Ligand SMILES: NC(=O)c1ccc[n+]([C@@H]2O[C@H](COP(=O)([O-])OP(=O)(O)OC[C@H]3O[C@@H](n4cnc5c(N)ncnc54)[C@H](OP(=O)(O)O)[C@@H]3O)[C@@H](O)[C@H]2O)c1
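Take a look at this one chain, the form predicted alone, written out in structure tokens.
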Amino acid sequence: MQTRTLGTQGLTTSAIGYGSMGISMAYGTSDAHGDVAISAAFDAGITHFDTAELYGWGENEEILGKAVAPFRDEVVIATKFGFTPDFGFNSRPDHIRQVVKNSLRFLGTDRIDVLYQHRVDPTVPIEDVAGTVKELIDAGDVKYFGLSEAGADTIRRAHEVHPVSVLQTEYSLFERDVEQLFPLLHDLGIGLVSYSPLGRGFLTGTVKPAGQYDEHDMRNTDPRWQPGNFEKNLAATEQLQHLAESLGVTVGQLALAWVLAQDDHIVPIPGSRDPRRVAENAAAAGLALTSALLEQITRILPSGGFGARYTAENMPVWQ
């Protein structure tokens, strides 16, 4: 597995990471055997593992921590703070410190490699957030500072207090909004971690219409799965699938290779409960796309997919 550098503070990981959210939330009931997929990811060369307090309030972190324990010093663990159980925000300094204390315990580790603010808290100055994370870095509890779903102003202000190593947001063939921030990320030396790089599973060729998933699956209400959008996204995915087949790869591998081709400082973190799918995703790191292939892909999806990436009430607001 190739490695990539995220930011200018020394953070280096595998070119493709593993997002563990789906083990505990958003894609049906919790999977008690998520450790099998995590182990498969490491076996495939993945060294970047992403979790969060929100993903089960300790459950996901505990599963991940136990699974990577045999090779803890060979991997990067990223987790996040900032949500409350009712999906409000809390990034007050005392709360950040408590979440980190809990996360270290759940993960069974002595440091967090990347600590993200999960969402910008409009009630807490980002300078206070960055200052608190800086204290945790100085104390050795955290190594690198990250932001998730933050806008240009927040990124700049946070970076002045302590260097931001990485921004995490959704980025895929279906979702391109973060491209407007690329010049800023380059100027400040900040890497990008791309979550949902497979369009929440749409770009795997195994999609079903809304209403045919587990009752707890977010795709039942995802705008991209609603009538009108679903058919257009399906047609585009089928075109991509034909292109992938001509290359002897899967549509998911093609989609991940496209993300990797956009910049050398991007690491996508697809998630899957299936060890075979995990290995398939990891193999996409070895797929190089020519400029001609990239142009073909652009013709199929020139500006992203059809439908918003969240419902209106859940849409992140960049600040």
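Treat the numbers as computed from the prediction; the structure is a model and nothing was measured. Numbers for residues come from their place in the sequence shown, where the first is 1.
Same protein, other form: the form predicted together with this ligand, not shown, and the subject of what follows.
> Could you tell me which of 62 to 70, 285 to 293, 265 to 273, 40 to 48 sits within 4.5 Å of this ligand in the predicted complex, going by non-hydrogen atoms?
In short, 265 to 273.
> Here the chain is shown alone; which of Ser196, Ser165, Thr237, Ser103 has a heavy atom within 4.5 Å of this ligand in the predicted complex?
So the residue touching this ligand in the predicted complex, by this definition, is Ser196.
> So in the predicted complex, is this ligand close enough to Arg224 to count as touching (4.5 Å, heavy atoms)?
Arg224 lies outside the contact set for this ligand.
> Does Thr204 reach this ligand in the predicted complex if we count a contact as any heavy atom within 4.5 Å?
So Thr204 counts as contacting this ligand.
> Are any of the heavy atoms in Asp35 no more than 4.5 Å from a heavy atom of this ligand in the predicted complex?
It does not: once this ligand is placed as it appears in the predicted complex, Asp35 has no heavy atom within 4.5 Å of it.
> Heavy atoms within 4.5 Å of this ligand in the predicted complex: does Asn90 have any?
Residue-level check for Asn90: no, no contact with this ligand.
> If you apply a 4.5 angstroms heavy atom cut-off, which residues in 58 to 92 are near this ligand in the predicted complex?
Sequence-ordered list has one entry, Lys80.
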